[in-house]
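Below, in structure tokens: the form predicted alone, a single chain.
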């Protein structure tokens, strides 16, 4: 596995692979890798001869009171994990590489159709930061394929809209959410949970499953289902930000006869902010 940190070294290696006719897949991450990330690498390998994973804790997608400074950085451990899944190149840029004119003077990218509701309403500017850094990674790597996890469902749709709207020649592939045996979605932020909170955390997914079951049985009172789910989470010890039933393709409010739905949730449990979602095909 080759490790580079500069745009020049990255382009040099990319040029060599492209001259050989290789397709290139990119898996962007913020590091602190777990099995969910590694599953995305395996998916990327199915679509390209060369797989690049980036590790960059992007400051522009964190708010003032969020966990940028304490976000877990485990690069040496990440390297060992990536070597086991045959990554071709690990890109570990500095902030100056990603934002050469400084963050305050950086060109930003906004996806207005999807950036201000759900997580966007509780994390103002977050998806602008995501869209901006992903655009920069796409510009540096120019991948044929990019793989993102479905756990961050709203982010996935933001990136798909970004690529389509800007006519970028990259195929966006979603990797399914990996879960622990008790249903909790794998996340770097799970390590913020105490032992007692970790026992409670799987209730987030169980509430999603209960809501999905109600939808499958014909219940279309979305507001009542959302209210009941939030009450269940609150009684379990969560501090919910939202639980919302939306159209799967664009996050619009669904009609009563909608067949393709997604249930999205964000809730605090102790110091951890947990998100999850569940697709519902009726």
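Not measured: the values here are computed from a predicted model. Positions refer to the first chain, counted from 1.
The next section is about a form of this same protein that is not shown, the form predicted together with a small molecule.
A.B. asks: Among 78-86, 150-158, 175-183, 111-119, which stretch sits within 4.5 Å of the small molecule in the predicted bound form, heavy atoms only?
C.D. replies: Selected stretch: 150-158.
A.B. asks: Should residue 141 be counted as a contact of the small molecule in the predicted bound form, where contact means heavy atoms within 4.5 Å?
C.D. replies: Output for residue 141 is no: heavy atoms all beyond 4.5 Å of the small molecule.
A.B. asks: Answer yes if any heavy atom of residue 134 is within 4.5 Å of a heavy atom of the small molecule in the predicted bound form; otherwise answer no.
C.D. replies: Residue 134: contacts the small molecule in the predicted bound form.
A.B. asks: Taking the small molecule as it sits in the predicted bound form, is residue 130 in contact with it (heavy atom to heavy atom, 4.5 Å or less)?
C.D. replies: The answer is yes: residue 130 has a heavy atom within 4.5 Å of the small molecule.
A.B. asks: Contact between residue 30 and the small molecule in the predicted bound form at 4.5 Å, heavy atoms?
C.D. replies: Result yes; residue 30 sits at the interface with the small molecule in the predicted bound form.
A.B. asks: Select from the listed residues 61, 228, 39, 236 the one whose heavy atoms reach within 4.5 Å of the small molecule in the predicted bound form.
C.D. replies: When the small molecule is considered in the predicted bound form, the option within 4.5 Å is 61.
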